[in-house]
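To begin, one chain is listed below as C-alpha cells, in the form predicted on its own.
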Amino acid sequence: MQWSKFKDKDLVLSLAHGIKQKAKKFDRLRIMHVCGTHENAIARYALRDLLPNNIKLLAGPGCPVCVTSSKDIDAIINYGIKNDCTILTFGDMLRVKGSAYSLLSASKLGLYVKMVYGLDEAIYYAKQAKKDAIFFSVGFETTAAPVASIIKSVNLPENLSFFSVHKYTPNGVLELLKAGKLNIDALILPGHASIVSGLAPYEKVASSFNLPCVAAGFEPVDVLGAILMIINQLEDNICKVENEYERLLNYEGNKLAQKALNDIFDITDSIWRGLGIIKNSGFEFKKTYNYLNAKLKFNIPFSDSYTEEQKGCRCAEVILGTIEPPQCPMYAKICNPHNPVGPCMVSDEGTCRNWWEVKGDI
C-alpha cells in the first residue's frame, strides 16, 4: 500500500477545492470528530485552514485522558498514599490533575507511581515488586480491548490488580446527543476505536439524530475525504454510516477484540470529566473477574466532593465543541504544555495541546 498517497498534496488540494464548491449551498456546517488522533492530524496538517468559513471542524470528547474524572484520580491517589502499593499507568495520565494533585505531583506526598507503556510492562513491574501493584487502566475500546485480551491470555502476578476507567465511545456519543449536549450537523467517527467496535453501533446515532457519520483514517486525504463524503450525504438529504477507512476498518469490527471485551468487561455507567455520569459508557470488570478489580479488592473509597475543573478552566466546553481553546482565558497564558491546568493541555490527544503545538499563544 502506498501510504504516501494519503498525504499527496495535489489530492489534498483537490479535495479541499471540492469541499469549498459543494459547501457553498450550506449556510453553516458543524462537523465533529471524536478522536484525539484526528485532532492531532487536523492541527498538524492545518486542515482547518483549507476549509471554507462556513464549515466548523470541532473536536469532541475523543481524548481518553481528558475525560478521566477527578473523582477517579482522587480516589487512586488517596488510596495509594495511605497504602503501600505501586500505581502503574500511562505517561499522559501522570500529569492530569485531580481535585488538587496529579499522580505525578502526588508522588511528593508519598504516592509511589510508575509510568508504563502498556499492560505488558505493568505485568513486568508487578512481578518485580514485593507489594501490591494497581494498573490505572485508561482509554477507549482501542486500549480496553488489548487489556482484556492480555488478561485472558497470560498468567497475571497475584499482586497485580486493575482500576478501570475505560470508556466506550459509541454509547458516550449517543448519550451526549440524547442529552442535547452536542450541537452538530455530522460526525467523523474514530478510525482506531471503530476498528474494534465496528460501525454498527453508530447506526442508531445516524438514524436517531439525522447525522451523517463517516469513519476516517488519520492522514490529510482521509479527513478531507470524510468531510466530502459527509457533504455528499447532506446534499442528497440522507444520513447514514459510511467508511472512508476501508484499508483497515470493516463494518463488523474486530470480532476477536469484541469477544475479549465481552468476556472480561460489562458495559456500565461511567463518569466523564466535566460531562457527568453517562449511561452505558464505561467498561467495568465482570463479577467473575472481581479479584482483579482494585476498587472492590481494596474497597477503595470515593469522595462525592471533588473538583473536575480548576477555577477558570473551560476544558468541558472545549470537549463539547462549544468553544475553541483560545476562548478559554487560561489558554497559553497560565495553561500550557509545561504547566497544564486542564486535561486538554496535557496529552498529545488533547485539543488545547494540539492547538498550542501548532499555534502557540496565537
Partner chain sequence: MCIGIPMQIVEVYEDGISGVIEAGGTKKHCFFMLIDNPKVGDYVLVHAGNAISKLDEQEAKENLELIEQCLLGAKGAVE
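Positions refer to the first chain, counted from 1. Not measured: the values here are computed from a predicted model.
Beyond what is shown, the protein has a form predicted together with its partner chain; the following relates to that form.
K.L.:
Which residue among T288, N262, S153, N237 has a heavy atom within 4.5 angstroms of its partner chain in the predicted bound form?
P.N.:
Contact residue from the list: S153.
K.L.:
Can you work out which of D120, E158, D84, E252 has a heavy atom no more than 4.5 Å from its partner chain in the predicted bound form?
P.N.:
For this set of options, the contacting one is D120.
K.L.:
Just one of 71 to 79, 170 to 178, 272 to 280, 192 to 200 has residues with a heavy atom within 4.5 Å of its partner chain in the predicted bound form, so point it out.
P.N.:
The contacting stretch is 192 to 200.
K.L.:
Can M229 be called a contact residue for its partner chain in the predicted bound form at 4.5 Å between heavy atoms?
P.N.:
Answer yes; at least one heavy atom of M229 falls within 4.5 Å of its partner chain in the predicted bound form.
K.L.:
Hey, in the predicted bound form, is A129 touching its partner chain, heavy atoms inside 4.5 Å?
P.N.:
It does not: once its partner chain is placed as it appears in the predicted bound form, A129 has no heavy atom within 4.5 Å of it.
K.L.:
Spell out, yes or no, whether the shortest heavy atom distance between S149 and its partner chain in the predicted bound form is within 4.5 Å.
P.N.:
S149 belongs to the contact set for its partner chain.
K.L.:
Would V341 count as a contact of its partner chain in the predicted bound form, using a 4.5 angstroms cut-off between non-hydrogen atoms?
P.N.:
Outside the cut-off, so no.
K.L.:
So, a 4.5 angstroms cut-off on heavy atom distances: do all three of Q21, T37 and L256 pass it with respect to its partner chain in the predicted bound form?
P.N.:
So, yes: the whole triplet contacts its partner chain.
K.L.:
Within 4.5 Å of its partner chain in the predicted bound form, which residues of 328 to 353 have a heavy atom? Give them in sequence order, or say none.
P.N.:
Read in sequence order, the lone residue that approaches its partner chain (within 4.5 Å, in the predicted bound form) is E349.
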